[in-house]
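Shown here is one chain on its own, the form predicted alone, set out as structure tokens.
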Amino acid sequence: MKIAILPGDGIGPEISTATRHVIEAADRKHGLGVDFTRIDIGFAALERSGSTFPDSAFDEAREAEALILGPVSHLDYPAREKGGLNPSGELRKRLDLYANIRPAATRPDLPSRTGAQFDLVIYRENTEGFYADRCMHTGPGELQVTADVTLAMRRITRHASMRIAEAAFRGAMARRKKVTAVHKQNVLKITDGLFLACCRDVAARYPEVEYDELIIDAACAHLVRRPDAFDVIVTTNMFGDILSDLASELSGSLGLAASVNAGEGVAMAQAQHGSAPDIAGQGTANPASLIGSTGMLLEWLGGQQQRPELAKAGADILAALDRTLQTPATRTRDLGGSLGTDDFAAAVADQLSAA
């Protein structure tokens, strides 16, 4: 099984290495036969090749069965014409990773921001919407008409809306069978009107799933007030990006927020948080988000490829992560513990091996 690791920028190389140690423990336990490939992207690639995401990096990445992407500092990259491509956006677009699946769940031993216990997952459409690098076939979706006038375009298609809705309803069938579509159709009447029409079409094929709709501002208010009322949320790209960060922070910490970007037969693990260059190289970064994302990735691959050992390895990683976080002595400093990046990964690997 070939896994490509793209370490990224800032703390990316540190948490990627820590995550690899956990995968190696899962490999020893389950006999996965993992073959790792490292692919430099970001500033490391820019210095060597003149691009933060050279074509050679993509060619290597698409040969792998699974990808693990570390955080990138794309806001600090040079302009696109000077080699500053966002590897995350490029991979999502070129590999058609249309579903960004982001769970947010409280843990009994870690306090939530609301005091409520909840377990939800957000299915975010990942290939279009307001994102300028994914809106047009050629060129960005933002225009500067004059020095004082700028425009941004939002693309919503039936194809993309139908498949993210389908993914969300399939996901709900394995959970508590409830889907909430989040939108702004009262203002974005045409684009969110199409998105909602697609959600309703898919909902009609899943009569056993409870379905409702919420305007984005109301959804934010409900998420803060009663997060336990949600099971699966499905929404467009920009709304999903914002809602998932809110939900993860409410559950305890963005540093624990896992996610997977899934397409047809290919997927990529990616931490929700950024590259945190201010603490890079100090060995203090919390790798839990990327470790959890990798657990999700292996579970997803196991289901897609009908390989139970992969699914079990992913589930074991997630369970070992939960057990490690139960005890303050085996937490990182941002969660009240004292462990550094590598020691935390070693603790997760020990939990995995011992179970």
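Just count from 1 along the sequence shown to find any residue number. Keep in mind the model is a prediction, meaning the values are calculated, not measured.
Below, we turn to the form predicted together with nicotinamide-adenine-dinucleotide, even though it does not appear here.
Participant: What I'd like checked is whether 106, 258 and 324 together line nicotinamide-adenine-dinucleotide in the predicted bound form, meaning each has a non-hydrogen atom within 4.5 Å of it.
Facilitator: Judged in the predicted bound form, none of 106, 258 and 324 sits within 4.5 Å of nicotinamide-adenine-dinucleotide.
Participant: Using heavy atoms and a 4.5 Å limit, would one call residue 274 a contact residue for nicotinamide-adenine-dinucleotide in the predicted bound form?
Facilitator: Close contact exists here: in the predicted bound form, residue 274 approaches nicotinamide-adenine-dinucleotide to within 4.5 Å, heavy atoms only.
Participant: Might residue 88 be said to contact nicotinamide-adenine-dinucleotide in the predicted bound form, defining contact as any heavy atom within 4.5 Å?
Facilitator: Residue 88: yes, in contact with nicotinamide-adenine-dinucleotide in the predicted bound form.
Participant: Flag residue 270 as yes or no: does it have a non-hydrogen atom within 4.5 angstroms of any non-hydrogen atom of nicotinamide-adenine-dinucleotide in the predicted bound form?
Facilitator: Looking in the predicted bound form, residue contacts with nicotinamide-adenine-dinucleotide include residue 270, since a heavy atom lies within 4.5 Å.
Participant: Give a yes/no on whether residue 234 approaches nicotinamide-adenine-dinucleotide to within 4.5 Å in the predicted bound form, heavy atoms considered.
Facilitator: Residue 234 lies outside the contact set for nicotinamide-adenine-dinucleotide.
Participant: Going by heavy atom distances of 4.5 angstroms or less, which of 181, 122, 72, 223 would be at the interface with nicotinamide-adenine-dinucleotide in the predicted bound form?
Facilitator: Only one listed residue qualifies here, and that residue is 72.
Participant: Under a 4.5 angstroms heavy atom criterion, identify the one residue in 194, 254, 135, 203 near nicotinamide-adenine-dinucleotide in the predicted bound form.
Facilitator: When nicotinamide-adenine-dinucleotide is considered in the predicted bound form, the option within 4.5 Å is 254.
Participant: Which is the contacting stretch out of 22-30, 303-311, 59-67, 284-292, given heavy atoms within 4.5 Å of nicotinamide-adenine-dinucleotide in the predicted bound form?
Facilitator: In short, 284-292.
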